[in-house]
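Take a look at this single chain, the form predicted alone, given in structure tokens.
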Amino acid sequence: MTFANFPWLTTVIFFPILASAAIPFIPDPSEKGRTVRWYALVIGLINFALIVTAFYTQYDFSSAELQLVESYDWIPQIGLKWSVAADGLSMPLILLTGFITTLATLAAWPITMKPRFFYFLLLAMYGGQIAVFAVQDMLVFFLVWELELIPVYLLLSIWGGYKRLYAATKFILYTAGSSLFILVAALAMAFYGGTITFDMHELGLKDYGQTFQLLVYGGLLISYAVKLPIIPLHTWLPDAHGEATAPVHMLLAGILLKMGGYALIRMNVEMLPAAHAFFAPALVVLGVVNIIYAALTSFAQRNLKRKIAYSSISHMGFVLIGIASYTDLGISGAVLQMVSHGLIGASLFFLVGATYDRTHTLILEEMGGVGQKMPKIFAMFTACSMASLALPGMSGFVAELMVFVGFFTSDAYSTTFRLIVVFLAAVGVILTPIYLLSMLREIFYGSENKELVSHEALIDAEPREVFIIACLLVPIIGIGLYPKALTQIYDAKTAALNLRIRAEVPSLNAAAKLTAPVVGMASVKAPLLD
């Protein structure tokens, strides 16, 4: 079997899942997980190495088509297949999944309560996350989307904080409940017309009616709005982050939120481009609301985890604006923002966990003056906060700049609307350094909490923690200095995607502004309603 014929994606999906099944049989005399954690880390590294090998040997940057395609009949009577592939939308997120999950496994080193079950769930989740980005059958997508929620629920409910059951229950109710819209949409689209199929490519080629497209798009938007998350369907996230452990934080911020953005592009935008022409202005407005509201809410939070959680929601607002920009640059910036935020969010939440392990508090008023005791953590926290506030030279700056320029140069909206959106988004950008720098001051500077500063547990970062943050900062700075290293992976795909959605709005082809008012600010033509 040659490299080209090897089932790369099926392997990287099922390898960690099958490997997790061997964990109960691994001898661990101490029962503290010392053997199991090494096993899980090696499995994670091997799987990440397979992903990187497939990327470098089989992936063609210049192609917008699906690559690494595998398709096997599952239930042929209804056209159901195990179909996986990767393109410019999914490959960066598959790489991100392998990278973040492997580091999260290393971050879980201190876990000693039920370590076998913890690492079993971590590895099972690894395969499920990759499957979400790789499957090309909409019904299978729904199945892996649902199955991937189970490990997260258990990781929250067993290893979480004081309110872990409340947070886990809220998470599963929001995410599993909203997932029903995916199932309904999949069945409706599959049985529409004369042929029955769940293949995403074939579903995207069907000639749907106007009302049908709008209903399906709206249903899918609700489902992915919960996962992204989009305000007001965001309230599960601060609670989940408030109770999660550091490795679960990394997976939530680094990968799970990106599933919502990916699915929104893959299904709503790519498969229903005409309906997207109607909903695009609403996405822009929702993106601005995310940026401003979540930034202000983060500013008011006194709990460190919840402050960073609302910061994550704010930064995901740029993804919505980029998706709805109708420009190659804006859509490219949205994808870059997802990857960038995955790296930055994972680093910040890991450091929040490391700080909590030492101070045993998340309340900012109870901290202060620990910078001299923990200079390494202080330095790493500062560097990651600079990345989050979009410091030039780091990935967040490039991603947000691309979204700003891409949207402002769009010919799909009136000049007035573009100016208002850019101004309001800029206000959110200005708020970010205010609350992040204030957070650093309250933790590491200010008046010392004598009891806290003298505590024996207040030790500096250990080599494992420095290594994890260094691994995250390398791509954050690398992308910031040379963004083409990442954007070239998906440039062909985002250009082809933008060409497809612009084709649904004839006036854009003539470089004219869109004309029907939406939400009182945008000017957009809704061709489906003509």
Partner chain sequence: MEPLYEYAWLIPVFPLLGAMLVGSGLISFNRATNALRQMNAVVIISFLGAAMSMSFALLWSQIHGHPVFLRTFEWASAGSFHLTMGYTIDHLTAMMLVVVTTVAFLVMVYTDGYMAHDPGYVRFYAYLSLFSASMLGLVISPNLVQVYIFWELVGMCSYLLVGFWYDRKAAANAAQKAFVTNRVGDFGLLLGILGLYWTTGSFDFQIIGDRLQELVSSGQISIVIASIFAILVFLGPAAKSAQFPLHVWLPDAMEGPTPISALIHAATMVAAGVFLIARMFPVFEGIPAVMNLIAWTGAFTAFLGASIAITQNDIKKGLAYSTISQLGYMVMAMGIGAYSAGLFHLMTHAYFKAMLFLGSGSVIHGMEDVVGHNPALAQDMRVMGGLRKFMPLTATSFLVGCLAISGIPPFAGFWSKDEILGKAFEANPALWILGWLTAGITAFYMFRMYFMTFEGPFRGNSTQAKAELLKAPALAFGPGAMDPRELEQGHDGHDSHDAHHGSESPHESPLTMTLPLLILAVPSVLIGLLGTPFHNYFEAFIYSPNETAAEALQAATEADLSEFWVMAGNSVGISLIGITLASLMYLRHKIDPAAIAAKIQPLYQLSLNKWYFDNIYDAVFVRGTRRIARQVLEVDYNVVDGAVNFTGFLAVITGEGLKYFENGRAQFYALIIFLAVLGFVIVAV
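Numbering follows the first chain given and starts at 1. Here the structure is a predicted model, which means the values were calculated and not measured.
The discussion below concerns the form predicted together with the partner chain, not included here.
- Proximity to the partner chain in the predicted bound form, taken as a non-hydrogen atom within 4.5 angstroms, holds for one residue of 184, 434, 150, 222, which is 434.
- When the partner chain is considered in the predicted bound form, only one residue from 366, 202, 146, 328 comes within 4.5 Å through any heavy atom, namely 328.
- The candidate stretches are 395 to 403, 83 to 91, 270 to 278, 106 to 114, and the one lying within 4.5 Å of the partner chain in the predicted bound form by heavy atoms is 395 to 403.
- The candidate site formed by 293, 301 and 466 is fully in contact with the partner chain in the predicted bound form, as each residue has a non-hydrogen atom within 4.5 angstroms of it.
- Remark: residue 446 counts among the residues lining the partner chain in the predicted bound form, judged by a heavy atom distance of 4.5 Å or less.
- At the 4.5 Å threshold, heavy atoms of residue 353 stay clear of the partner chain in the predicted bound form, well away from it.
- Within this chain, residue 481 lines the site of the partner chain in the predicted bound form, having a heavy atom no more than 4.5 Å away.
- The partner chain is not shown here, and in the predicted bound form it never comes within 4.5 Å of any heavy atom of residue 120.
- In this stretch, 118 to 143, not one residue has a heavy atom within 4.5 Å of the partner chain in the predicted bound form; the partner itself is omitted from this view.
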